[in-house]
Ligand code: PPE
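Taking the form predicted alone, here's one chain by itself in structure tokens.
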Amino acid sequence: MPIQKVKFIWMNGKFVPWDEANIHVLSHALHYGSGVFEGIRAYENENGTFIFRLKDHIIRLFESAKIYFMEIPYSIEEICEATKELLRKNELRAGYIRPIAFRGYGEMGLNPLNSPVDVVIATWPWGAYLGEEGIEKGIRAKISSFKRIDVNTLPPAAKATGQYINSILAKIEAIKDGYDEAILLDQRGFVSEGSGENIFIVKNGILYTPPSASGILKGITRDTVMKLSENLGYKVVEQELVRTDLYLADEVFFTGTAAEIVPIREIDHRTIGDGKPGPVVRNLQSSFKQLIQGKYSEFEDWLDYV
């Protein structure tokens, strides 16, 4: 999806004009993938513009950095405030936000510890990652031939730049094979996640989702959906799943900040349920919409107004 240019990018403590936010070609992260990042959304409701679960996202950014021995030279509060100010300066009422911390220019080689850590925040208008039609009618997915990185190969708990080569290979394969998205299995053959989304199934009214042992990133939207589900009276179980659990589910859906909540209507040429988004995912989509409209007082602290 093309990036729509706005006025400013926050870069190492300064608001830099969009076209001047550049890095050196010998930056460590460009050569070795040594960076961590987040994907965050800002929405607008009748109370104004807010960033959804901003602090939770920035805490996860710092946790990812800790895993990779990266010292971010700002506090969580400073990054949160810079993000809000960036939206104000760009006059954006809604959009996508990409904070990234990466090892910059200074040294080359596999020991990164002396390389500087640069921090950048960008934001721009962005629609539905898997398309509005996908949200409405559901998408087609395939089990990828590429396995999800193992928890002891690269830490899936970190949202790290270089690790996404794994997801890119799966995504390209899915698109070239005529599907919308990929589903990756872990090294043992259990269901892990999509190329950039967590996955849920519904069976007999109960929601199931893979645990962290299956190599998932613990998504913010995943957590949101789990809490919303419990609020709606659904039971949620973290459990290892095999591919046939997907084929035989009543409903299957993806969750993610970019994707939001997207039904899956077909996997590996097998129709899920009756081939249409089911009642549980429809209920969750409706509840999520009400949530971002500010209708849930119990979750109002997730809406960080700008």
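On a predicted model such as this, the values are computed, not experimentally measured, just so you know. A residue's number is simply how far along the shown sequence it sits, counting from 1.
Not on display, but discussed next: the form predicted in complex with the named molecule.
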property: Contact stretch among 232 to 240, 105 to 113, 133 to 141, 213 to 221 - heavy atom within 4.5 Å of the named molecule in the predicted bound form; result: 213 to 221
property: Contact at S34, K66 and G162 by the named molecule in the predicted bound form, all three, heavy atom at most 4.5 Å; result: no
property: The unique member of K147, R93, K89, R98 whose heavy atoms fall within 4.5 Å of the named molecule in the predicted bound form; result: R98
property: In the predicted bound form, R265 touching the named molecule (heavy atom, 4.5 Å); result: no
property: G39 within 4.5 Å of the named molecule in the predicted bound form, heavy atoms; result: yes
property: T83, heavy atom within 4.5 angstroms of the named molecule in the predicted bound form; result: no
property: Touches the named molecule in the predicted bound form: S27 (any heavy atom, 4.5 Å); result: no
property: Residues in 189 to 225 close to the named molecule in the predicted bound form, defined by a heavy atom within 4.5 Å, in order; result: E193, G194, S195, G196, E197, N198, L217, G219, I220, T221, R222
